[in-house]
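A single chain, nothing else alongside it, follows as structure tokens in the form predicted on its own.
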Amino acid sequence: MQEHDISWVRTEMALAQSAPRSEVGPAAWLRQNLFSTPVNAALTVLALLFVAWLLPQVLNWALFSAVWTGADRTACLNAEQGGPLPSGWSGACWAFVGAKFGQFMVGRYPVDERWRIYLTAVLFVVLLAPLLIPRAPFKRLNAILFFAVFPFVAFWLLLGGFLGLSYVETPLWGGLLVTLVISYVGIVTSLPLGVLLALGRRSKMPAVKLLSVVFIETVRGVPLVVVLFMASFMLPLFVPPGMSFDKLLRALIGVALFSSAYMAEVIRGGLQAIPKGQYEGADSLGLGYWQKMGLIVMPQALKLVIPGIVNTFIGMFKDTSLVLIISMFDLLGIVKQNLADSNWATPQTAKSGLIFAAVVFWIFCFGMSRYSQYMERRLDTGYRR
């Protein structure tokens, strides 16, 4: 009898099977993330109970019982309650925020000239958006326009005084305008200064290293308040007689120098994390010092410290509120200034104004944080499109 070959070889791939229902869907997500252990389940239940207790009161205060329009404090004082609230509470006085919104945004900038601020804001967004979109073309030209050309155009539009624009002195500036101006200048200048200081601190030239270490440790050893005081009151002592610096310019110099010292330490941490082989590989290719740093080492170091860089930017954005001590009114400062207006003196005025400022700060800081996380994922060596 002839023996038959009973071996069998699969010629097609097996069809993919769907995951078990217990491993996918909302129920699986809840079980894996919120109810994975008895402790997590207990904490989840407690958190839900706290939210169920707090959320109705917050919504009632912020929305249902809030006063949205009004000419003065009487609108908020005479408001009817929209629901149960704790004793001594009433709804938010958003009418105060609406009445003062213009000042919160631009301070006492002349109303007839505010088109210049709006035009500057449009240019800012138009130039910034392509830089944030990885696939946008003409990145180099866009970067030159945003970092080299836009500051001079914005300076001319906002300050004026020449080429047909009337002069608007900086003491009239205020609100979110001042916050964004100081933050923009601080961010644009602190990163390159921080890179140079970090390289200087790691330099093998004793003089360069000593100057970098002295500057970094001196600035990091004092509060920003002291730096602003020195920039505002002591800087004029070191300039020739008759020469004066604008108060806003002094604040810009102080914030830029202060943030650059912290940025230098963040970048130095990234440089120290680069393996020695990267330096040796660049040397073996015959690259010079600046080529090695600019093409090989620095791009890797900056990628590693994106969270630290953005954290410094966020801290600097919030620290702009300290310019109030040198009589400059950023968003928080001008909100606090308007709380003294007797026409809007109500128990809810301060809460409403400060919460509005907090929400604006949170929007900008959260936006920077989320974009940094996106860049981390995109620049990760394990990134897959």
Partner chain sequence: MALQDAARPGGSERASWFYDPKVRGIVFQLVLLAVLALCLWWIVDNTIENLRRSNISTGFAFLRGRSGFDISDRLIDYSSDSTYGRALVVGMLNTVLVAASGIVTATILGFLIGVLRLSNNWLLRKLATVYVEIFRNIPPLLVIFFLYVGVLSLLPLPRDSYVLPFGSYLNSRGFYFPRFVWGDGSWLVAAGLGLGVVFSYFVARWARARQMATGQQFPVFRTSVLLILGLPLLGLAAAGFPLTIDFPQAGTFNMTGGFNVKPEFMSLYLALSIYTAAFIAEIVRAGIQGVPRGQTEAYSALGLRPRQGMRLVVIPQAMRIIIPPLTSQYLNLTKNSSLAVAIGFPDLYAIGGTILNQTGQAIEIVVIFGVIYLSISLLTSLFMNWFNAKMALRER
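Numbering follows the first chain given and starts at 1. For clarity, every value in this text was computed on a predicted model and none was experimentally measured. Definition used throughout: the rigid core is the maximal C-alpha set that superposes within 1.5 Å between two forms.
Keep in mind the form predicted together with its partner chain is missing from the figure; the text below concerns it.
_residue 365, heavy atom within 4.5 angstroms of its partner chain in the predicted bound form_ = It does: once its partner chain is placed as it appears in the predicted bound form, residue 365 has a heavy atom within 4.5 Å of it.
_in the predicted bound form, is there a heavy atom of its partner chain that lies within 4.5 Å of any heavy atom of residue 283, even though the partner is absent here?_
Residue-level check for residue 283: no, no contact with its partner chain.
*Within a 4.5 Å heavy atom cut-off, is residue 370 in contact with its partner chain in the predicted bound form?*
Yes - in the predicted bound form, heavy atoms of residue 370 and its partner chain come within 4.5 Å of each other.
*Looking at the partner-bound form in the predicted bound form, is residue 146 within 4.5 Å of its partner chain by any heavy atom?*
Flag for residue 146 set to no.
*asked:* I need the one stretch from 127 to 135, 184 to 192, 297 to 305, 227 to 235 whose residues put non-hydrogen atoms within 4.5 angstroms of its partner chain in the predicted bound form.
replied: Selected stretch: 227 to 235.
*Though its partner chain is not shown, can you say which of 165, 222, 119, 141 has a heavy atom within 4.5 Å of it in the predicted bound form?*
In short, 222.
*Determine the residues of 192 to 223 with a heavy atom within 4.5 Å of its partner chain in the predicted bound form and present them in sequence order; the list may be empty.*
The stretch touches the partner through 205, 206, 207, 208, 211, 217, 218, 220, 221, 222, 223.
*asked:* Please state whether residue 63 has a C-alpha shift of 2 Å or more between the shown form and the other one, with the rigid core used for the fit.
replied: No, residue 63 moves less than 2 Å.
_At a 2 Å cut-off on C-alpha positions, does residue 30 qualify as shifted between the shown form and the other one after fitting the rigid core?_
It does, since the residue 30 C-alpha is displaced 2 Å or more between the shown form and the other one after the core fit.
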